[in-house]
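Here you get one chain, nothing else, as structure tokens; it is the form predicted alone.
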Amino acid sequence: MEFGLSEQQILLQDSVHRYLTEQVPLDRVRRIASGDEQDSGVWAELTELGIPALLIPEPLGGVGLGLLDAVVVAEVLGRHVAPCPFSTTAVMAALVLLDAGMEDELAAIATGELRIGIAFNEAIGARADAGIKTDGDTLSGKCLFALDGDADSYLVATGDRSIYLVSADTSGVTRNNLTTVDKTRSTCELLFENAQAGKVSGDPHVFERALDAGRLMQAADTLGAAQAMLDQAVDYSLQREQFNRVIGSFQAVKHLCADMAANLEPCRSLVWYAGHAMDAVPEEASLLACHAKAHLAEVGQAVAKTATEVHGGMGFTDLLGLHYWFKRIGANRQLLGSPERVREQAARVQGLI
């Protein structure tokens, strides 16, 4: 069987890559990461390309594509460390709202008018000092590491995997932005004190599908980021000279680059097939999403470390900016479940534990 991207998916990939290359260079990423510019400008420009509307049906103003198409976009965004809420608003939130039939909110996402963050952590793993309690249509408690600190609203999951939609400016909601290693995307702590919320879903399967999709987007993002680090390492090795030779001519450096490429290339088919399975082979989707998230976390970390080593001391400087990709990969490793937690979930899916 030959499995690859369609002509339309390649065109989508190329158009997003071309836009990011021209409009979101590393200098702009630096400004956003330092707080001198907001990521809302990038999101507005991506809206013109139809990226927030990717999974939304055409009657609601969307593009009506599938999760493999979203994987293609996420990979390109990771390659450019693009600062935007793609995995939260355009993928996870869109899937939940589609299952709930919330057409007004979906239409607002498609036009870029609504950003929805994801606060699923308290349903993924309970913490001693956090947790969400419900009383009718109100929420109380604390959720750590909610994704997208600048969202207009949040989808909040409780311990029983029910999902509630709450506006960020609702009375009783306090949002505290958190400092993490990844400055290209924001996370926050949400505090609720009898905050009004609307119940979106009480079906655990809706939560699980959105979580699987989010993990898959992070795997694709890591794939793109790791590929960028590999490419930069190879380019640098063909320019940097020592002993009147480019360092890429030394066998040790060749081996480092070859190992990175050999480990990373199989990940692409894993991530692509996991995206395909989300729509076409649903019985395999959760397992594949877990495998993709856990495996890319390990491979991405190894590539990030090795690519930095190839650059030598320059790899740690802000002049090259390699650390933006390094930290993005590190954040993806932990958010929505560490490799250990995700592997445990994969074992449960298979009935091994």
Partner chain sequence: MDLSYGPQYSQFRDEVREFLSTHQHQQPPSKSDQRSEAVLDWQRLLIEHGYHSRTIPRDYGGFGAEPDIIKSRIIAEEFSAARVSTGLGGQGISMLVPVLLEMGTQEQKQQFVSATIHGEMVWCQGYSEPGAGSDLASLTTKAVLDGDEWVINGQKIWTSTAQIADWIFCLVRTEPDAPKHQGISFLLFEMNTPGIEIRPLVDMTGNANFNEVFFTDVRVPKHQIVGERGQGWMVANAILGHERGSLAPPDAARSRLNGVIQLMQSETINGEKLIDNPVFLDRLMKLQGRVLAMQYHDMRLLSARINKNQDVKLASMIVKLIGTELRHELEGFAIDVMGEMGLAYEDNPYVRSGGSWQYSYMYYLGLIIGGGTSQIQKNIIAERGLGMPKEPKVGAR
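Residue numbers count along the first chain shown, from 1. Every value quoted in this text rests on a predicted model; they were computed, and no experiment measured them.
There is also a form predicted together with its partner chain; it is not shown, and the following applies to it.
*Would you confirm whether the three residues Gly248, Ala262 and Leu352 all fall within 4.5 Å of its partner chain in the model of the complex, going by non-hydrogen atoms?*
Yes: each residue has a heavy atom within 4.5 Å of the partner.
_4.5 Å heavy atom contact, Lys183 to its partner chain in the model of the complex_ = Looking in the model of the complex, residue contacts with its partner chain do not include Lys183, since no heavy atom lies within 4.5 Å.
*Within a 4.5 Å heavy atom cut-off, is Lys133 in contact with its partner chain in the model of the complex?*
Lys133: no, not in contact with its partner chain in the model of the complex.
*Flag Cys257 as yes or no: does it have a non-hydrogen atom within 4.5 angstroms of any non-hydrogen atom of its partner chain in the model of the complex?*
Because a heavy atom of Cys257 falls inside 4.5 Å of its partner chain in the model of the complex, the answer is yes.
*Does its partner chain come within 4.5 Å of any heavy atom of His17 in the model of the complex?*
It does not: once its partner chain is placed as it appears in the model of the complex, His17 has no heavy atom within 4.5 Å of it.
*Which one of Pro266, Gly159, Gly172, Gly198 is close to its partner chain in the model of the complex, taking close to mean a heavy atom within 4.5 Å?*
Of the listed residues, the single hit is Pro266.
*Of the options Glu309, Glu37, Glu298, Glu58, which one has a non-hydrogen atom that comes within 4.5 Å of its partner chain in the model of the complex?*
Looking at the other structure, the residue within range turns out to be Glu298.
*Which of 148-156, 238-246, 183-191, 212-220 has heavy atoms within 4.5 Å of its partner chain in the model of the complex?*
After filtering at 4.5 Å, what remains is 238-246.
_With the partner left out here, which residues of 321-353 have a non-hydrogen atom within 4.5 Å of its partner chain in the model of the complex?_
Sequence-ordered list: Glu340, Arg343, Ala346, Ala347, Gln350, Leu352, Ile353.
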